[in-house]
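In structure tokens, the next block holds one chain alone, the form predicted alone.
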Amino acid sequence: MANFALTGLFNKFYGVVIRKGDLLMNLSYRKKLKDLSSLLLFIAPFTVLYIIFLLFPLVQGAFYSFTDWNGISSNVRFIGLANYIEAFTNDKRFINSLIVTGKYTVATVLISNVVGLGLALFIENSVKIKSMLRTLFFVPYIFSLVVVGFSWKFIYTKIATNIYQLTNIGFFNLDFLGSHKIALISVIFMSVWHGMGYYMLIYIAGIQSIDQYILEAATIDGASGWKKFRYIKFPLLMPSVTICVFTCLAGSLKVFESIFVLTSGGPGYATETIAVNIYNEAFGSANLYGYGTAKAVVLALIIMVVSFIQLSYFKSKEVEA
């Protein structure tokens, strides 16, 4: 009888424990479900807008790249890979735009980052006028590329001519936007001028994040200014280099506004980048929307592949203090 009573008491106690455990599990499950519902509620507006204005046009654009649609007609004819084959086999203008984009990208990425890093190092050593120099070099980045493009077009075509008439210096008499040889250089110069302040600020933030004790220790060990930069500062700045190169690379590969405002791809096709070429094909006189969309898909793939390679490489070079 005693054993039977003890067994009953144990079962009763065990049953109470299980019921409490189930209750706690239900409360925990309900809390997690409530948190998930709140999260979904917060991201729902962005998700809906993302699907409507980005994901759906992206998928639709990929579909139109396999058609000969002109962007206006209701008739859409599927032609498979014909647009892609045409672009890489018979379209010399598209191949030229790839080359122009490559030259523009390499030059802009290299010069912008070198100048941005140089300015950051110079400004960080200019104690008294540091704030003024930061503002001075960053101001151009505030303005739209369209505004900057029109301003530099006026400088190249009007101000340079007036300076030549006053000084008779041959450099200012160059046809900056009308010459096949220097039109692209003129565009690159404007792009570097516009973006260098942005990269400068990123590099300044990277320099300020470096532990000063490391630099002081290097100074005590007899390291010169160049050695401190080469073996300490620059390796610790690699996260900033990764960000700057990625940003500049992606922007340069899809550059449109500055080219369109300054030269519209001319003279001839000397400054016609892929983005400008796509615009001319899809929305120009040709009205080859499907063909232009195929080129846009190619551009997107190029950006993804190049960005992935660049990020993988520079991430492998990053070190921690």
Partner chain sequence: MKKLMAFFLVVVLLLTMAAGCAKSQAPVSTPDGQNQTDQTDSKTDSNDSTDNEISATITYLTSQPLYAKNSDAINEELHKVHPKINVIIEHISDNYEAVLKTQMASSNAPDIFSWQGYLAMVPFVEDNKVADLSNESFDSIVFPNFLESGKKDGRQYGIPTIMQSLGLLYNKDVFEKAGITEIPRTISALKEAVEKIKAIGVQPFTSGLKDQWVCYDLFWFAQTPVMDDMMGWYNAMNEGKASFRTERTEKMFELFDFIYENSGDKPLSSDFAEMCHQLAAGTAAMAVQGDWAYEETQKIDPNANLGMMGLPVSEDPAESAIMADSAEILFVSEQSENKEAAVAFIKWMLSKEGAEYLGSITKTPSTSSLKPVIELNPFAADANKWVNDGNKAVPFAWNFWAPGIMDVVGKNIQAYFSGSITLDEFFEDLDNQWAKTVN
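Just so it is clear, the structure is predicted and the values come from calculations on it, not from any experiment. Numbering follows the first chain given and starts at 1.
Separately, the form predicted in complex with its partner chain exists; it is not shown, and the next lines address it.
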item	value
Contact assignment for its partner chain in the predicted complex, among 224, 168, 90, 212, heavy atom within 4.5 Å	90
Contact test in the predicted complex: residue 106 vs its partner chain, heavy atoms, 4.5 Å	no
Partner contact for residue 280 in the predicted complex: its partner chain, 4.5 angstroms, heavy atom	yes
4.5 angstroms heavy atom contact with its partner chain in the predicted complex for residue 233	no
In the predicted complex, residue 79 touching its partner chain (heavy atom, 4.5 Å)	no
Contacts with its partner chain in the predicted complex, stretch 248-279 (heavy atom within 4.5 Å)	260, 262, 263, 264, 265, 266, 267, 268, 269, 272, 279
